[in-house]
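For reference, the chain that follows is the form predicted alone, supplied as structure tokens.
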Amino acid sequence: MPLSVFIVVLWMLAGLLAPLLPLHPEAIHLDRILAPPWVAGGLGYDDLGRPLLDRLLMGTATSFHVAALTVSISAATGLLLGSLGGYLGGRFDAVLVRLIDVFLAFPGILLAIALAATLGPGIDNVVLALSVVGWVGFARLARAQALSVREREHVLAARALGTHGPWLLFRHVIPLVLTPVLVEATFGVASVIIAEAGLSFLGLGVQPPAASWGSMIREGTRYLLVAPHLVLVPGLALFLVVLAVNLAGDWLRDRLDVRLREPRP
């Protein structure tokens, strides 16, 4: 197992188990305010004397929750709409293409910021805002794949044998479209993690006292010269997880691509 996959698995486990662990991310220790790791132990303490290790783990749960929900909603919506557009064609496909073009005309992160600001701060609104933006890439990919798959021999043979409608779509088209969408979903996870951290950094994501990597970085920028660990700890965690997710996506793509496998003798 590559190291990147191992890091992603650790991130997922931490995101799932952090709410169940006896953590105290909001506990205040006045005698440890801005204490660095080499003085107070652990990963240090923030400007209110709260343990950074506990807050980092709860921030991991936040990023995992947002990424899992957003990518699931975006991928499912984009897969269904894109497959339908590519398979059916005609007016439905034309409308879908125009809708995709409209969304692509706006920078995704700016549209997400506008939606999050309109809906108000909160983790549920962040998921909704990122899902509204995120389905477009999946729909575009699924449509392109469906356009190719619908002309393959097994699909034509199934149609000639009398298979039509939803059964043909869900039995013969979507399974072949699903693989590239799954690979795209891994890269989508990295994008959502960065987007959630960015929204929280701007104050549009998770609200205090809840922990988020973005809000931890925002709070730490005020003490960057005297307590750099406030920014380095969540910043390095964000960097490592995003890098690991991208590398894991490359590994998964290579594993699922039959063209890259060695031919059998």
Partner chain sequence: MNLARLGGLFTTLLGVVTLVFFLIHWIPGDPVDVMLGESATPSDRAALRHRLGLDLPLYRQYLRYLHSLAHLHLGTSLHDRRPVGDLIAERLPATVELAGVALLITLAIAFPLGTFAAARHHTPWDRAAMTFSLLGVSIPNFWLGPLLILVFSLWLGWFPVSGREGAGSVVLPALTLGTSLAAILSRMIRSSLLDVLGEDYVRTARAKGLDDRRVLWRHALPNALLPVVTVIGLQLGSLLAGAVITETIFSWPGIGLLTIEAIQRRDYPVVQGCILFISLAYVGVNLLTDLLYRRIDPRIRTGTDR
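Note that the structure is a prediction, hence the values are computed from the model and not measured. Residue numbers count along the first chain shown, from 1.
A second form of this protein, the form predicted together with the partner chain, is not displayed here; the remarks below concern that form.
message: Check residue 231 for me: does it contact the partner chain in the model of the complex (non-hydrogen atoms, 4.5 angstroms)?
response: Yes, contact at 4.5 Å.
- prompt: Do residue 194 and the partner chain share at least one heavy atom pair within 4.5 Å in the model of the complex?
  reply: Contact check for residue 194: yes, within 4.5 Å of the partner chain in the model of the complex.
query: Is there a non-hydrogen atom of residue 49 within 4.5 angstroms of a non-hydrogen atom of the partner chain in the model of the complex?
result: Output for residue 49 is no: heavy atoms all beyond 4.5 Å of the partner chain.
task: Could you confirm whether residue 217 comes within 4.5 Å of the partner chain in the model of the complex, counting heavy atoms only?
output: Close contact exists here: in the model of the complex, residue 217 approaches the partner chain to within 4.5 Å, heavy atoms only.
query: Looking at 222-230, 41-49, 26-34, 56-64, which lies within 4.5 angstroms of the partner chain in the model of the complex, counting heavy atoms?
result: Only one stretch passes the 4.5 Å heavy-atom test: 222-230.
The partner chain in the model of the complex: contacted by all of 3, 68 and 127, heavy atom 4.5 Å: Negative, none of the three is within 4.5 Å.
Those residues of 95-122 which, in the model of the complex, come within 4.5 Å of the partner chain by heavy atom: Contacting residues: 97, 98, 101, 102, 103, 104, 105, 106, 107, 109, 110, 111, 113, 114, 115, 117, 118, 119.
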